[in-house]
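Next up: just one chain, as structure tokens, the form predicted on its own.
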Amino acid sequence: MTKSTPAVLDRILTLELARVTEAAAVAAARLRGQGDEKAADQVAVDAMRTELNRLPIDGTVVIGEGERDEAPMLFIGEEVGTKDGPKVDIALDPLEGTTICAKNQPNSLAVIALAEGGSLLYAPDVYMEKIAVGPVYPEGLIDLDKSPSENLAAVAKAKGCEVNQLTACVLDRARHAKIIEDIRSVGAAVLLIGDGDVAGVIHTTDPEETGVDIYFGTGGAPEGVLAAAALRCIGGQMHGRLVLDTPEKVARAKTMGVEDPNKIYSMNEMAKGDVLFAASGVTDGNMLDGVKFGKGEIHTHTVVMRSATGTVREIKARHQDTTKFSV
């Protein structure tokens, strides 16, 4: 088999990348609803790392569980894969929505994005300001420097509706009080989510199904890059700006190539080139079903997408339930 990037990405797209998120989702699902966020996250990390190291890639984690001194596994800069393949960047969140999983609430996912080396934003594990909309709007519609109400007016005009017919998705955090107030001041609705802003951003791509027209707020930079990777595959617009609010964060970001701490990154700057994205449901959600444990078998629901082709594959798989889950 050729080691050219397209050939390997094709192979991963069809099955291997799904195995990575399936394994993490199943591991986390065994602990959902038990109130232990750290334990659920750790088993998901362990399972994802094991599967990644089976892939025929020379991979580097550019968005992971933290930096080397903060995360024992899947840290930023960690090398994964068999090395028998192309150099690729990897962004991942083995358990997107740890609190959601611990409480057994909707939209917890196992998520990963993979791209050619040098294609994904390499940034420290900090917060990121975000705004995102779906694929039906003219380019340049949204602006991170404008207020939520101004962006809502632009979306309403492009959609041909009144602002009070729009719904914005926002993480339910005290830091978003002014954003929420501004959204409601113009009559738009707010959908508050407790966690899981990758799913929140993706929900903007199908307002008819999810009821979400636009996403606002500040969340993790890792989730921002993952969401941008997903939008690259299925369409949409997203802008993000790293929150580098201390000299230490600015210096750390500079070592990773971030020269302008105030730069607003477009979706294509956060995830460029040929991008693959995969997500498996841990708990039931708008996009994916959660893991189901039956008599002697396990059911998983996964979506795998590729930007180069625009292909979106849904994989509903049934696995034998062995003591050590294997896909």
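For every residue, the number given is its place in the sequence shown, counted from 1. Values in this document were obtained by computation on a predicted structure and should not be read as measured data.
We do not show the form predicted in complex with a small molecule, though everything after this point is about it.
Asker: Name the single residue among G134, G219, G240, P148 that comes within 4.5 Å of the small molecule in the model of the complex, judging by heavy atoms.
Answerer: In short, G219.
Asker: Could you tell me which one of A154, L171, A253, L166 places a heavy atom within 4.5 Å of the small molecule in the model of the complex?
Answerer: Residue within 4.5 Å of the partner: L171.
Asker: Going by heavy atoms within 4.5 Å, which of 204 to 212, 188 to 196, 240 to 248, 74 to 82 lines up against the small molecule in the model of the complex?
Answerer: Stretch 188 to 196 is the one.
Asker: Taking the shortest heavy atom distance, is Y122 within 4.5 Å of the small molecule in the model of the complex?
Answerer: No, no contact at 4.5 Å.
Asker: Can you work out whether E96 and the small molecule are in contact in the model of the complex, taking contact to mean some heavy atom pair no more than 4.5 Å apart?
Answerer: Flag for E96 set to yes.
Asker: Please check if D89 has a heavy atom lying within 4.5 Å of any heavy atom of the small molecule in the model of the complex.
Answerer: Contact with the small molecule, no.
Asker: Decide whether K178 counts as a contact residue for the small molecule in the model of the complex under a heavy atom distance cut-off of 4.5 Å.
Answerer: No.
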